[in-house]
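One chain is shown next in structure tokens, namely the form predicted alone.
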Amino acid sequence: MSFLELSAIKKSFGPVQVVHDFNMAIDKGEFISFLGPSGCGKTTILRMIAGFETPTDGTIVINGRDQTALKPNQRNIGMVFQAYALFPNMTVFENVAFGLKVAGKPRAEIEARVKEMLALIHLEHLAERYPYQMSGGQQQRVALARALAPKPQVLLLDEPLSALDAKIRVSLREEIRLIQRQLGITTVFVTHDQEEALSISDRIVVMNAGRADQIGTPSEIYNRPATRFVASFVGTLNLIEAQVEDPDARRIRMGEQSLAIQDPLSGLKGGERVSVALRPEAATLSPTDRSDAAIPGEVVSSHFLGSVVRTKLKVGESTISFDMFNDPGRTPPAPGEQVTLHFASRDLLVIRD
């Protein structure tokens, strides 16, 4: 039996339905990320798990107990917000101890648990400081320690890194994942940042207009997107128009080239137009042992992105991007140059609406 179960969850605000029949089973100790654009329903689902919103329909079960009608303080859930939400008139020690004091824990137990939490986030030396005396990253680590101190059965993280600069975000998300694994706590993380979700999640829920377009591992979400929205939202994607040649043999035609692909063409007919996707990193200017397909085109532009150079190529009516690793001794192709792009036909994904 799953530890956290969301069954047929719906949520409406007046006449507007913002979550449509959402279902998911989460195992104990699993790290789940809800990924999607603003307004897709991901934060609403998080707030329903926390008890801040009540589902219009459906049930929320944690560890075998129906939580749907319980108030937030009855659910034993820890939550970390985007804006830290620390008490400005309390020290770090007092902030972390707050939930334990409200629960009426003995002083000795509170002191021991707070010291344990501060050691976990490596801020023991700042126990007597106030929030305004700390950096944003330090404040968010204190907020995490405060949420974990009462030993919640589920940890909820509502875009906790969005207010931090890029370098701190990377280090803190790795620290959050390390702590989560160390404690083995079931965690639900809401973000609109695909890199965050891909780097730290066991599974990702890609939300679109109140529905889960796809639920899967980071590798599944990125490499085998189930819908056009997932394919376009997660990572950079080339969409290429093709024609179904033989659906049973899984053959398509791109320009003058006939290709066998891995994706099934079930439900499609010969001669039907179809969109296929190709990730930028799957293409190269030099043929390899894997490549069995090639497309000629004209270079439109090259953009230096640090570790890679992303080049755009005009192919017929389409523009295709491909990535090359940065090589200081190699000059990227210049705009107007005619080149041939090589790739493996098995890397092509059929995108269905």
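On a predicted model such as this, the values are computed, not experimentally measured, just so you know. Start at 1 with the first residue shown and count on from there.
Just so you know, the form predicted together with a small molecule exists too; it's not on screen, but the next bit is about it.
Student: Name the single residue among Arg129, Arg253, Lys105, His192 that comes within 4.5 Å of the small molecule in the predicted complex, judging by heavy atoms.
Tutor: Among Arg129, Arg253, Lys105, His192, a heavy atom within 4.5 Å of the small molecule in the predicted complex occurs only for His192.
Student: Among the candidate residues Pro55, Gly41, Gly51, Gly297, which is the single one with a non-hydrogen atom no more than 4.5 Å from the small molecule in the predicted complex?
Tutor: Selected residue: Gly41.
Student: The small molecule in the predicted complex: within 4.5 Å of a heavy atom of each of Val18, Pro37 and Glu159?
Tutor: Answer is yes for this spot.
Student: What stretch, of 286 to 294, 41 to 49, 59 to 67, 315 to 323, brings heavy atoms to within 4.5 Å of the small molecule in the predicted complex?
Tutor: After filtering at 4.5 Å, what remains is 41 to 49.
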